[in-house]
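One chain follows as structure tokens, the form predicted on its own.
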């Protein structure tokens, strides 16, 4: 395969995945075009994808994003598990001798702005409010119709088209990618609370309510996110101080889906366009950033045909892990919830088991990037 420097590359989607792909291509001397239906990056009041894991920090070292993320992110030093408020298990990540802690908290918009700033240094900027309306023709030479906010259209024929345009990907749907899987009937509820005083943000906690679960995750120095399977979850929150406001509230249902191949001809998918799963473990954005980094490297080497074979095992690993962890967290059978409550405190006696969990959270359960010396 010829290398990518002489070929035109169109990226659909300018979230963390599309921006990472553009940045990783640009720093290798390629000039991608990136378009997005959105008006701009994720609004500051919508924290959305919060977790940045150790694998992502390793991947983003070479483009310069990692020190900027670490400067703004909040390191999660402890993971706490409780049952009806009684502490069952605390895992201290500060004792790990890993280069990075397994997980940091940073609102998605902050991550996007870091990537946008680095891209601007390379004289590349997303074309906002420019949507992929349709993709036609052969996947070897796709014809892409773009529509701008003013209604003007443009048809382009990139040598490589990448769909990083989310779970409802137009690229995926128009290019014949199957997206099999299933959904959970159970709804999840989410709210970010901002407080009038700073709050403790160095730990994340899951509290089993039996039935249901309520999780607490740091967002910023004065903001916490709560996620629950209980519709009445807001009445169950014990706030650490007086509430100022709720910047963001949402609800969603979880699906477990992935494409059967990550590429068809010269069309490739990355991130939520290719795979969706439970947010438990904070793997969604991080797995998509992995996709982007691998695809950029392969395109630069003229090896993009290998992309699907190299990425599918990692995607299957993560979906299996998130499905298993979600099932564990959402147990409703009284016998099983009692067993969970009795077993969890004993995990502290088995360091290997907690290290395995932290390895999954950190993203180190997928293959290390071969282009980064010493990556694990």
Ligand SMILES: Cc1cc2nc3c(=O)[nH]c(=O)nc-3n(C[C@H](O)[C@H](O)[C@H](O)COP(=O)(O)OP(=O)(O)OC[C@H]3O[C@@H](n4cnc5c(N)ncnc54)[C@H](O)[C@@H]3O)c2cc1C
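Here the structure is a predicted model, which means the values were calculated and not measured. Positions refer to the first chain, counted from 1.
Omitted from view is the form predicted in complex with this ligand, to which the following refers.
Query raised in the report: Which one, 257-265, 206-214, 278-286, 294-302, holds residues whose non-hydrogen atoms are within 4.5 Å of this ligand in the predicted bound form?
Result: Among the candidates, contact is made by 278-286.
Requested in this report: Decide whether residue 35 counts as a contact residue for this ligand in the predicted bound form under a heavy atom distance cut-off of 4.5 Å.
Outcome: Residue 35: yes, in contact with this ligand in the predicted bound form.
Query raised in the report: Heavy atom to heavy atom, is residue 269 within 4.5 Å of this ligand in the predicted bound form?
Result: Heavy-atom contact with this ligand at 4.5 Å: absent for residue 269.
Query - 4.5 angstroms heavy atom contact with this ligand in the predicted bound form for residue 68 - result: Residue-level check for residue 68: no, no contact with this ligand.
Report task. Consider residue 49 of the chain shown here, and say whether it contacts this ligand in the predicted bound form, taking contact as heavy atoms within 4.5 Å. Result -> Yes.
Query raised in the report: Within 4.5 Å of this ligand in the predicted bound form, heavy atoms considered, which of 76, 170, 199, 116?
Result: The option sitting close enough to the partner is 170.
Query raised in the report: Which listed residue (191, 131, 135, 219) meets the criterion of a heavy atom within 4.5 Å of this ligand in the predicted bound form?
Result: Selected option: 131.
Query raised in the report: Judged by heavy atom distances of 4.5 Å or less, which residues of 155-171 approach this ligand in the predicted bound form?
Result: The stretch touches the partner through 164, 165, 166, 170.
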